[in-house]
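Before any questions on binding or motion, here is one chain by itself as structure tokens, the form predicted on its own.
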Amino acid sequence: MAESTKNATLTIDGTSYDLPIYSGTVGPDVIDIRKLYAQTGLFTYDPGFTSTAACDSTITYIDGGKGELLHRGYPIDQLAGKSHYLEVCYLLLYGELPSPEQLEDFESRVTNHTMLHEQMMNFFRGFRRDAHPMAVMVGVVGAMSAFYHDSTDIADPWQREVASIRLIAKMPTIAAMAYKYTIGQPFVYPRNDIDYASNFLRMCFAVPAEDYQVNPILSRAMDRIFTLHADHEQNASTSTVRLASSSGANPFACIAAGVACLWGPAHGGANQACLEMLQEIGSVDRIPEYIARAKDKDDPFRLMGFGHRVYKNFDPRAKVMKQSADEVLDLLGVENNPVLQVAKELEKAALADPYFADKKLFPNVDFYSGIILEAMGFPTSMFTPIFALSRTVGWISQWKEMISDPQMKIGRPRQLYQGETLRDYSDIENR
């Protein structure tokens, strides 16, 4: 961290305290309050930590006002349009775009680690057949620490590297097997002769009776979904991974914690909520009714998949995802799918309505990714697992950065206590 060049002055009951101010390369300055309690006996109060920087990082930067998302300084639309997921994985993990030789080596290492330990199949069969795929993923990812003992020592840089590659490589296999298990089909093993996204689609949709020929348009769309969800700064699941890792937990346990947090509908379930909304609308002729409801401030209904909590202008990922959605729908058609018909007409209606334009409620990445996954044939229960496997590299990059940070401390948020003060225990016969 660079030296502080300016201070903020906090005055409490006539006594002033100087607090250092630090500047990042971009973004708001931060006030250093690490010594606040020692100096004043006070804590700060910030539910949700929405005004608190818990770390310094060099990985991802978001400017919600500008609609900007940068990975290691590169705009997400350039990466999604010109690159591919494993190259972005390399960038997030190591800080720079790879040379051709570096990328070939990285892709080879990932490809050769996609198999799961065979005994892990018993874990899948231990779940109920109707278990949610995210429940299966939380359990199986956490169980990896029971099978890969040679990559759980976080003090060993090589073991951290091996764990990172294993998680990126095996997460699609775990997600695909969770899906296969819930629909009663046999597991499909990964292959080393096809790319990362195509391998995942094949593991999800191939059956022993006949192989699955991956369409390159679908493979490219899936790769873009992976790329556009790879990292998103210090969100809830990333912060969960960092908090878990601050205790010294092994990497598989930390990523399992991230998967569990992502499962929450307020975080990773946005594209699923979007599809459920489209199913609720049901038919194109009901769109005006729901548009009117969305405009009615007294109606609790909101258009899911429009606008974004962070991006106050537009979601920079949405433009690239819209292109993929258009390509997929042109390939697969929407004639026999009422949900996709509603999605296309709702998009047109919202973009043409000044109300949504004025409030900058544009379709976001969740709207388009939900459409793509629905068109491909994934059930909504698989939307969040696909999000989890996409985000794994972001979690790992943040985890590796934290482990190597000399300022790392175990997370210990404080509280504003509002409970009872000291009181004596009363024997049960006297209550």
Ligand code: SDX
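None of the values given here were measured: they were computed from a predicted structure. Between two forms, the rigid core is the largest collection of C-alphas that superpose within 1.5 Å. Heads up: residue numbers just count along the shown sequence, starting at 1.
Absent from the display: the form predicted together with s-citryldethia Coenzyme A. The rest refers to it.
Do P251 and s-citryldethia Coenzyme A come within 4.5 Å of each other in the predicted bound form, heavy atoms counted? So P251 does not count as contacting s-citryldethia Coenzyme A.
Verify the contact flag for R317: yes if a non-hydrogen atom of it lies within 4.5 Å of a non-hydrogen atom of s-citryldethia Coenzyme A in the predicted bound form, no if not. Because a heavy atom of R317 falls inside 4.5 Å of s-citryldethia Coenzyme A in the predicted bound form, the answer is yes.
Hey, in the predicted bound form, is N364 touching s-citryldethia Coenzyme A, heavy atoms inside 4.5 Å? N364: contacts s-citryldethia Coenzyme A in the predicted bound form.
I'd like to know if P288 sits close to s-citryldethia Coenzyme A in the predicted bound form, meaning any non-hydrogen atom pair within 4.5 angstroms. P288 lies outside the contact set for s-citryldethia Coenzyme A.
Pick from 155-163, 210-218, 294-302, 101-109: which stretch has non-hydrogen atoms within 4.5 Å of s-citryldethia Coenzyme A in the predicted bound form? Heavy-atom contact with the partner occurs in 294-302.
Can you confirm whether Y85, K170 and R191, the three residues that make up this candidate site, all sit within 4.5 Å of s-citryldethia Coenzyme A in the predicted bound form, judged by heavy atoms? No, the candidate spot makes no contact with s-citryldethia Coenzyme A.
Pick from G95, P186, P265, G126: which residue has any heavy atom within 4.5 angstroms of s-citryldethia Coenzyme A in the predicted bound form? Selected option: P265.
Of the options T114, N235, Q272, T182, which one has a non-hydrogen atom that comes within 4.5 Å of s-citryldethia Coenzyme A in the predicted bound form? Answer to the contact question: N235.
Pull the contact list for 298-314: residues with a heavy atom within 4.5 Å of s-citryldethia Coenzyme A in the predicted bound form, in sequence order. Residues within 4.5 Å: R302, L303, M304, G305, F306, G307, H308, R309, K312.
Comparing between the shown form and the other one on the rigid core: C-alpha of P363 shifted by 2 Å or more? P363 C-alpha, core-superposed: shift of 2 Å or more.
Does R109 show a Cα shift reaching 2 Å between the shown form and the other one after rigid-core superposition? No, the C-alpha position differs by under 2 Å between the shown form and the other one.
How about P100 - superposed on the rigid core, does its CA move between the shown form and the other one by 2 Å or more? After core superposition, the displacement of the P100 C-alpha between the shown form and the other one stays below 2 Å, so no.
I want to verify one pair: N364 and T52. Are their C-alpha atoms nearer or more distant in the predicted bound form compared with the form I supplied, knowing the change is 3 Å or more? Note: Cα gap between N364 and T52 shrinks in the predicted bound form.
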